[in-house]
Every structure is written in structure tokens, then in C-alpha cells.
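Here we start with a single chain on its own, the form predicted on its own, put down as C-alpha cells.
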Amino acid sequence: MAARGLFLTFEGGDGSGKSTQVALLTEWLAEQGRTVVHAREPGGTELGAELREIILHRRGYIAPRAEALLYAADRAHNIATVVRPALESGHIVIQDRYLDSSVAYQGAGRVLDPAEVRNVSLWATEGLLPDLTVLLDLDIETGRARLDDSRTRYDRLEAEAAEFHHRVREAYLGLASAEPGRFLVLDATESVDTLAARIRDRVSELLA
């Protein structure tokens, strides 16, 4: 278990329902008297918010390696200033996206070396890995339809072609297959309540 607290991350493609499940899990944990700290990448800190605007909304080309390093910079600051202090205080940290996102989006999506991308993030975070990563898996077409219903502004990654997002999805599934003890892979087309119950069951095991 990471430090004295619990580090939970949520991953998935566009429209997979991460925000909904984060909110439901937070509510459930709060009912048990647990202290929950929320984090996200990119943009979970004041510095991160500035980096997020550059990474996701800057007009014009960003070289893939530069993009990967910007994510790593955001990650290093987020872990050092938000996540580690919370874990060391015994709190539960629930984070929307972490290093697996970089391996999937910058590694597979941008066709960089996934191992190199992962190693940069591990260096940036001093090797911190989540206790549990919930992967909400969703086919690209369904995710895009959900996104179209909820977005008026698409970021640089959301606007990428379908081939990009197919590579991202396959990378996520490959990561989960390689680390089955850390990942909980769920079919994001299941009902919100069913997904929430399965996540609670797994988190309960960790808390026990």
C-alpha cells in the first residue's frame, strides 16, 4: 500500500464515465468517515492548470516528446505537492488519470516508446504506483457519441482521429493484462450502479 494512505486512480478513454464513478466512490467513502483527497492530471495544481491549458488547448503543433515531458512535469508537481502529502497523512487519494494515461496517449497514441514514457513518469514521481487502477473500458464509437452529447469544446487529444483512440484503448488493455493485480478492468457500458458496486467491492478489499 502506498505510504500510509490509499492511492486510487481512474483511467479510460473519452466518455468512459470516470467522473461519475469518482463522485460515487467519494460519496461512499465519505459515508464511512474516510477522508478523500481528489487529484487529477493534468491540472490538479495551480502550476498544473497552466500546463493543462498548454497541453490540451494550445493552438498549433506540439512535438510528441515535448507533450510527454509536459505531462511528466505536471505529474511530478502533483505527486510532490498533493498526492504524497495526503498519503503520508493516511488519506485516500482518488485521482483522475495518472502515468498509465501517458503510456497510452503519448506512448501508443503518439507512437513513442511506451517503456520510455513510463520510465520518465516513474522518475518524475519517484516510482509511486497506485494501489488500484480502475480502467473503464469502452469502444471508441460509443465513447465518441457520449462525448458529442456533453462537449462544446474538444481538447487536442479528444479531437484526434479514430485510429489514435484505437491505439490508446489497446494500450490500456495491454497495461491491464500486464499488471492484473493493480488493475480492475470494467465494461463501461454496464449500468452506473453496477460499475459503482464492483468498484466498491474492490476498494473494500484494500481497506480491509
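No experiment lies behind these values; they were computed from the predicted model shown. So that there is no doubt, residue numbering starts at 1 and follows the sequence shown.
Just so it is clear, the following notes concern the form predicted together with a small molecule, a form of the same protein that is not shown.
A.B. asks: In the model of the complex, does each of 42, 71 and 101 have a heavy atom within 4.5 Å of the small molecule?
C.D. replies: The answer is yes: all three residues contact the partner (heavy atom, 4.5 Å cut-off).
A.B. asks: Within 4.5 Å of the small molecule in the model of the complex, counting heavy atoms only, one of 48 to 56, 176 to 184, 25 to 33, 135 to 143 shows up; tell me which.
C.D. replies: It is 48 to 56 that comes within 4.5 Å of the partner.
A.B. asks: Is residue 157 near the small molecule? Define near as a heavy atom within 4.5 Å, in the model of the complex.
C.D. replies: Residue 157: contacts the small molecule in the model of the complex.
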